[in-house]
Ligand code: GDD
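A lone chain, given as structure tokens: the form predicted alone.
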């Protein structure tokens, strides 16, 4: 099974971290956001993934020289100009011939962190095919739907409409588009991939009119890791038991002085924590150096922190 993974965004909300490193290649525990996504795709039966690339494709090419990740074969589709979501899907899918196949394929947004079982979404789509489904989307519940665009569905899962940032009392739905889909190859007929096109604003509403869009709502762990607070939380949730997945808090190659304090934090490969340093509720990136007596709290430090420097609620990019 193929997947199209959308990784061509600019990552503006996570600057300066994304000035040099694309968002999907940022650390998540001891891997990267993209690597964890590939782990979940592989568990769901995906064998091949085409990365829809635009902004800064070179780091992706360099990160996977053997063109594999978590056992998934990688393919690269590099846009000449931004194509938005549906445009990118159409372009990437055609680059590997998905428009000529008959089996469905998965689409995933590259900054989503979730415990969704991909196989469950694929199975739901296969059930809905007999009712004319061209696409099945994953939905997740939110506490305050007025901050999102919610999705309204019938009891059988058929999507009936979208309500953008609904006022209280205007909809009973508390479910939003969670950024993972299963699409029929024939859905590419309305995603030519030769111009910018939004799947959320254009393609999905079109499929609703055709009564061909279905949904699967789950309460699996889900997080949009594209904001500083949520990116930090996504890392810490991997070590604090809030996920089905779990990762090591401190990489085996990291060097921690015996007089430092590291608590509720992720420390990457080759990082060094100096004498008397305190690291609390933070992410220390691979090869980052935290100097003697430095304090890092509630922060992401992918670059060095000088001796005795105090860093709180900050993002520090590599030099």
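Nothing here was measured: the structure is a model prediction, and the numbers come from that model. Residue numbers count along the first chain shown, from 1.
Another form exists, predicted in complex with the named molecule; not displayed. Remarks below refer to it.
Is residue 181 close enough to the named molecule in the predicted complex to count, meaning some heavy atom within 4.5 Å? Residue-level check for residue 181: yes, a contact with the named molecule.
Tell me, yes or no, whether residue 165 is in contact with the named molecule in the predicted complex, where a contact means a heavy atom of each within 4.5 Å. Answer yes; at least one heavy atom of residue 165 falls within 4.5 Å of the named molecule in the predicted complex.
Does any part of residue 161 reach within 4.5 Å of the named molecule in the predicted complex? Heavy atoms only, please. Because no heavy atom of residue 161 falls inside 4.5 Å of the named molecule in the predicted complex, the answer is no.
In the predicted complex, does residue 120 have a heavy atom within 4.5 Å of the named molecule? Residue 120: no contact with the named molecule in the predicted complex.
Answer option from 200, 152, 247, 115, heavy atom within 4.5 Å of the named molecule in the predicted complex: Only one listed residue qualifies here, and that residue is 200.
Consider the chain as shown here, without its partner, and state which of 53, 28, 69, 288 has a heavy atom within 4.5 Å of the named molecule in the predicted complex. After the contact test, the surviving option is 53.
Given the stretches 231-239, 143-151, 121-129, 205-213, which is the single one in contact with the named molecule in the predicted complex, using a heavy atom cutoff of 4.5 Å? Heavy atoms within 4.5 Å of the named molecule in the predicted complex occur in 143-151.
Using heavy atoms only and a 4.5 Å cut-off, decide whether all three of 8, 83 and 88 touch the named molecule in the predicted complex. Each of the three qualifies.
Need the contact residues for 103-130: heavy atom within 4.5 Å of the named molecule in the predicted complex, sequence order, or none if there are none. Counting only heavy atoms within 4.5 Å of the named molecule in the predicted complex, the contacting residues of 103-130 are 109, 110, 111, 112.
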